[in-house]
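Form predicted on its own, single chain, as structure tokens, below.
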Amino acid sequence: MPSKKEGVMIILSSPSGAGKTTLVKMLSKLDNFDISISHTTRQPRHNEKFNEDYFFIDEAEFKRLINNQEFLEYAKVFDNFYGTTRTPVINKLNEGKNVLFDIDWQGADQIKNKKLDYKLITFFILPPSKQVLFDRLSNRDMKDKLIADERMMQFERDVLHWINYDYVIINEKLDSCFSKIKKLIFAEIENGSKDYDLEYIRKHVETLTS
């Protein structure tokens, strides 16, 4: 078990467009919470900053890091690689920082399988409906309908992994979703009572996948 001085690992995953990146940024503003910055081979979006949102590198450099076994987790998503290097994460945890991960289900599985000696809390974020998700994707920086359609097809596969997470939260209203996640994190850290309705989530997933 981790000591009181060590930080906690908190993973947020979601289908593309469900809001995990925004929620991670909101959580990072809490005292003693830091985002783990991933490496990626994709091109930056217009609103992203180098070495703040991602470490943007080419595929050759990414594969060098793989060969050197420097990744805590990595995955290929939509033809691009994403990965988290181990050393910065471990250093932050040992300093007592709570580390936030904005990663997909593949990366979450890899971190869980590492069985690191730190507390791990995992969240899967879902949209209130498929239509809301499509609208969010269409209004994002992906005006091409084909790209939004591709993300929707991936959603059908990604949503099946909800069962592997500690908590599933529906992102209908951002502030409410953030509040629920924050309360569950602190309840986990402090071994407090947790307000969580698994049966409600199960029914929501059935609606999304029907």
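The structure displayed is predicted, hence computed values, not measured ones. From 1 onward, residues are counted along the sequence shown.
Same protein, other form: the form predicted in complex with a small molecule, not shown, and the subject of what follows.
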Subject >> Per-stretch contact check against the small molecule in the model of the complex, the hit in 114-122, 127-135, 86-94, 101-109 (non-hydrogen atom, 4.5 angstroms) >> reply: 101-109
Original post:
Which residue among Phe155, Trp162, Phe33, Tyr54 has a heavy atom within 4.5 angstroms of the small molecule in the model of the complex?
Top reply: Tyr54
Original post:
Could you tell me if Arg45 has a non-hydrogen atom within 4.5 Å of the small molecule in the model of the complex?
Top reply: yes
**OP:** Although the small molecule is absent from this view, report whether Ser38 comes within 4.5 Å of it in the model of the complex, heavy atoms only.
**Re:** yes
